[in-house]
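As structure tokens, one chain now follows by itself in the form predicted on its own.
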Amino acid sequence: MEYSATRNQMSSYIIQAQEEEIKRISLELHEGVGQNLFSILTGLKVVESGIKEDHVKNHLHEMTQLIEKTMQEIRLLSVELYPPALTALGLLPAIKSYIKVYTSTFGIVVELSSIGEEKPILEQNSIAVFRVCQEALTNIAKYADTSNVRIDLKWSNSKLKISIFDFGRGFQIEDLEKNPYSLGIATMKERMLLTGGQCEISSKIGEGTSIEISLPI
């Protein structure tokens, strides 16, 4: 029992340290690299407006377009690493924000519903649930061979339940250790156990995979 408690404390500490570093990198990308690129873009546009030669003007225009594309990619990466909505607005807005990025990246349509009144969640637990949803959606994009996903959140006074269903190819749960899902699933289960919650997986070949998450509030 003592060993298990110590192991859980170590796992929690490692995850928390990782999240702090991810948050730092996300902020640096957005506020550091992103702002520097914006300054360069502004300067190039000023230069471009004063250029008369067409070939130079065209070259500068191509450069400004490339910088704008890079800025967009950095914004998307920053949100994927650590969505600001998670701490500013809460879990549900953060999931909605990530779904927009996810759909634009993978072309997979996500139908999201939330039943009941959203309750406040400890920040570390909110991060854990968000990461589990993120990992689930990433695995779906990689392995499920689907174009649609459904996510249902159900809030009660004592618990949050989240169901994720992918309508994809499915797999044999008995062969989970051989499945590329396995490492991600193990990580998802570990994260939820550290919050006092659970993460359960069920799947049927040809019908899809269901992920059930529960978190005590």
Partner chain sequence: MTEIKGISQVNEVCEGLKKRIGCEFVALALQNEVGPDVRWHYASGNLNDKYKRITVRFGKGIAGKIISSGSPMMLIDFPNDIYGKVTDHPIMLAEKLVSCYAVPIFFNSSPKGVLLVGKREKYTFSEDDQEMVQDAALELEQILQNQILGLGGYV
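Positions refer to the first chain, counted from 1. From a predicted model like this one, the values you see are computed outputs, not experimental measurements.
As for the form predicted in complex with the partner chain, it is not shown, yet the points below apply to it.
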Check all three, 122, 182 and 201, heavy atom within 4.5 Å of the partner chain in the predicted bound form: no
Single option in 146, 126, 97, 114 placed near the partner chain in the predicted bound form, where near means a heavy atom within 4.5 Å: 146
Partner contact for residue 130 in the predicted bound form: the partner chain, 4.5 angstroms, heavy atom: no
Partner contact for residue 87 in the predicted bound form: the partner chain, 4.5 angstroms, heavy atom: no
Distance check, residue 31 to the partner chain in the predicted bound form, heavy atom within 4.5 Å: no
The partner chain contact in the predicted bound form: residue 159, any heavy atom under 4.5 Å: no
Which of 185 to 193, 159 to 167, 58 to 66, 44 to 52 sits within 4.5 Å of the partner chain in the predicted bound form, heavy atom basis: 58 to 66
Heavy atom within 4.5 Å of the partner chain in the predicted bound form - qualifying residues of 82 to 119: 103, 104, 105, 106, 107, 108, 109
